[in-house]
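Before any questions on how it binds or moves, here is one chain, the form predicted on its own, in structure tokens.
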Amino acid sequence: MSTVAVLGLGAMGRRMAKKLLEAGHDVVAYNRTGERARALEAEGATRAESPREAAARSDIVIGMVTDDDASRAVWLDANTGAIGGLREGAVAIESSTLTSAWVRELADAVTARGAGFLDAPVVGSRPQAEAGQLIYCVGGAAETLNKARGGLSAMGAAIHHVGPVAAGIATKLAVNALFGIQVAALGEMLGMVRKPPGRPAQRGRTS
């Protein structure tokens, strides 16, 4: 079993970390506000004071935060960023929904440290994270994915290797767009079937 750091313990990250613990992995937890990390510590995780400390203790480091800015702060902060603690040969995984440009920039910074990188956003929400049924869309090298597969399998029901770095986020955004189209179409159809049928036009009488 690997030691896995989870950076970001929001609605998704907290549930993902719990599945890792249930699978027998050692989990090092970091969250910007310490209360959530302390709660997970009570369930068996080790709490880190910074992303850098979490990364230095771990074989796999997973980011699960809100956006590019939060991801940049977690990974690249000059004083506390996880990248400064990455071990050579470790695997850094970004599972947040981010922009392709930032994912590529982060990948370059990680590989310059001698670590592997995967962009691995997920399809699914809280119920799927709770059940360990997330679907991973993974971009990166196949050998890097093989090193991380055990950790990802604890949190996901399916792992799809969709191409090189940034292919994962491209696939996730395409899935999001498809879901959005389906929701909009469903709304239009529901409006159509609920609308009372119009009355046929009456023809004027002639005398």
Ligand SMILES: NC(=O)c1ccc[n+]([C@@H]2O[C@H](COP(=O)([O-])OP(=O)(O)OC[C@H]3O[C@@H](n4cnc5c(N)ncnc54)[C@H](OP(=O)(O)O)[C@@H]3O)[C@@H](O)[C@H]2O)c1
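Here the structure is a predicted model, which means the values were calculated and not measured. Position 1 is the first residue in the sequence shown; the rest follow in order.
There is another form of this protein, the form predicted together with the ligand, and it is not shown here; the text below is about that form.
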Study note, to complete from the structure: Note: exactly one of His161, Lys172, Arg47, Arg52 sits with a heavy atom within 4.5 Å of the ligand in the predicted complex, namely Lys172
Review point. Exactly one of Ala29, Met64, Ala148, Val138 has a non-hydrogen atom within 4.5 Å of the ligand in the predicted complex; which residue is it?
Key: Met64
**Study point:** the ligand contact in the predicted complex: Ser100, any heavy atom under 4.5 Å
**Key:** no
Check your understanding: So in the predicted complex, does Leu190 come within 4.5 Å of the ligand, heavy atom to heavy atom?
Key -> no
Practice item. State yes or no: in the predicted complex, is some non-hydrogen atom of Ala70 no more than 4.5 angstroms from a non-hydrogen atom of the ligand? Key: yes
Exercise for review: May I ask you to check whether Gly84 falls inside a 4.5 Å heavy atom distance of the ligand in the predicted complex?
Suggested key: no
Review point. Quick one: which of 30 to 38, 153 to 161, 140 to 148, 52 to 60 gets within 4.5 Å of the ligand in the predicted complex, going by heavy atoms?
Key: 30 to 38
Exercise for review: Could you run down 3 to 27 and flag each residue that has a heavy atom within 4.5 Å of the ligand in the predicted complex?
Suggested key: Gly8, Leu9, Gly10, Ala11, Met12, Gly13
